[in-house]
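Have a look below at one chain only, the form predicted alone, in structure tokens format.
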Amino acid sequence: MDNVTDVTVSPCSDSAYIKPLRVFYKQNGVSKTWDAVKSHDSVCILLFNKSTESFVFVKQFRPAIYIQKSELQKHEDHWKIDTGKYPGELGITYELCAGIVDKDKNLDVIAQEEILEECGFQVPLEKLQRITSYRSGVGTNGALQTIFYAEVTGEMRVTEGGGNHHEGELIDVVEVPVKESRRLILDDENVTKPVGLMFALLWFYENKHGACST
């Protein structure tokens, strides 16, 4: 997963997932400009494996994280990144199982499909609990992300997961024991993770931890 080489970066002129935009507007009569990105809404799911008393996360390489941690070197009409100096492991993240809302289906159905595709668990719709929705990346994006919670067991795992290989996804399914997960919230900054994962863990400890431990 972290064997990343030959990295080049160029301007984004066309994409099926995002649209870079420049917004012109007036606020209190003052003309202003803001650069933003129009993108899909998404779902994410905090999975708790009751059989192993652990959380099920996905581990993957995120180019956006990688370029933020690297230095771009201008080369003709694009940029390059020295992968010898900036190894691919810089872009590895721990995340909740997640997916974009790009089909005309209910959010819980999309969440169910993502759990099966990425993590290999078959979760009945009635076992999916909606936690809340929030706006992510409010400075540039502002897309809506909805978080669900589901409890799974070893018997519910029907595939190895790993994502959609036809779309180029390369995902590792990892389990973190509950007793070790608190460090991911505030203590361990060496593990790259999104704020949604940290929020979901805090929600779990506030609302589920006692019930799951009995």
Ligand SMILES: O=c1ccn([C@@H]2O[C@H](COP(=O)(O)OP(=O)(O)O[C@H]3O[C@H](CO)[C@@H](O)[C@H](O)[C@H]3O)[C@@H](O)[C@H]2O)c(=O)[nH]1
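Nothing here was measured: the structure is a model prediction, and the numbers come from that model. Heads up: residue numbers just count along the shown sequence, starting at 1.
Although it is not shown, the form predicted in complex with the ligand is what the next lines describe.
- In the predicted complex, every residue of the candidate spot (Tyr17, Ala98 and Glu114) has a heavy atom lying within 4.5 Å of the ligand.
- Under a 4.5 angstroms non-hydrogen atom cutoff, the ligand in the predicted complex lacks Glu180 among its neighbouring residues.
- Mapping the unseen interface onto this chain, Ser70 falls outside it, with no heavy atom inside 4.5 Å of the ligand in the predicted complex.
- Remark: Glu167 counts among the residues lining the ligand in the predicted complex, judged by a heavy atom distance of 4.5 Å or less.
- Contact check for Lys32: no non-hydrogen atom falls within 4.5 Å of the ligand in the predicted complex.
- Of the candidate stretches 22 to 30, 167 to 175, 185 to 193, 48 to 56, only 167 to 175 has residues whose heavy atoms lie within 4.5 Å of the ligand in the predicted complex.
- The partner is not shown here, and in the predicted complex the stretch 25 to 39 never reaches within 4.5 angstroms of the ligand through any heavy atom.
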